[in-house]
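Only one chain is given next, in structure tokens, and it is the form predicted on its own.
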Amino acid sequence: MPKPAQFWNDRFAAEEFVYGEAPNQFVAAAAEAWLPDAPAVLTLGAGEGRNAVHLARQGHAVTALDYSTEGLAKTRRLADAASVTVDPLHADVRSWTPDRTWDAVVTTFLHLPPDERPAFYRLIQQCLRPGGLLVAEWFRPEQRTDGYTSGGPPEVDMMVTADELREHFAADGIERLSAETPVLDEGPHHSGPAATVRVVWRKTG
């Protein structure tokens, strides 16, 4: 099961940025390759704001959603230090209903149980305007079964596969979908070789 908001509040209350201040490697690369024409970006599970602030520094109007108030406070702190604006939104992706759409949705390592993931995938698509892009990265099952120690929840069923993403996102919108083995350098909790799945998907309808 996902950790409760209080778990993340306690973790993010630390003075240091526990997942680092630099953006996720895939998000940084995808922002340059796929998002130049995406003025408004929503980051789901924004955490301490490293991806949101990076995107704001690239000129995007960024909404950062998280259910941790401490994470959003760190997001504001990081944005202030970078002299950019990020719009924080305190909400839980499992119960939140969007009232607008965005040009892109970015999410990294937001892991939910199998029975909650289909609704999350529908939420992502609901948040995107026609032509909008999803950029996302999750740990895949090999993160647990193959003994990687670079982070992620302990339960293998919390992991995401490429086949699962193909079931929930229309094939004609997939611009990239691949199993990767990056070396993470995202603070003490995401550090070292990892087994991940990365996707760029465009909402075509």
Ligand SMILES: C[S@@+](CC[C@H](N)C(=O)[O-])C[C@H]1O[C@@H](n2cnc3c(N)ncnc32)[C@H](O)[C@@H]1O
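Residue positions are given as counts along the sequence shown, with the first one as 1. What you see is a predicted model, and the numbers here were worked out from it, not measured in a lab.
Same protein, other form: the form predicted in complex with the named molecule, not shown, and the subject of what follows.
Heavy atoms within 4.5 Å of the named molecule in the model of the complex are found in exactly one of 33-41, 170-178, 141-149, 64-72, that being 64-72. Interface membership of D87, defined by any non-hydrogen atom within 4.5 Å of the named molecule in the model of the complex, is ruled out.
Contact check for W102: no non-hydrogen atom falls within 4.5 Å of the named molecule in the model of the complex. Of the heavy atoms in D92, some are within 4.5 Å of the named molecule in the model of the complex.
Proximity of H60 to the named molecule in the model of the complex falls outside the 4.5 Å heavy atom cutoff. Taking the named molecule as it sits in the model of the complex, the stretch 33-54 comes within 4.5 angstroms of it through a non-hydrogen atom at G45, A46, G47, R50, N51.
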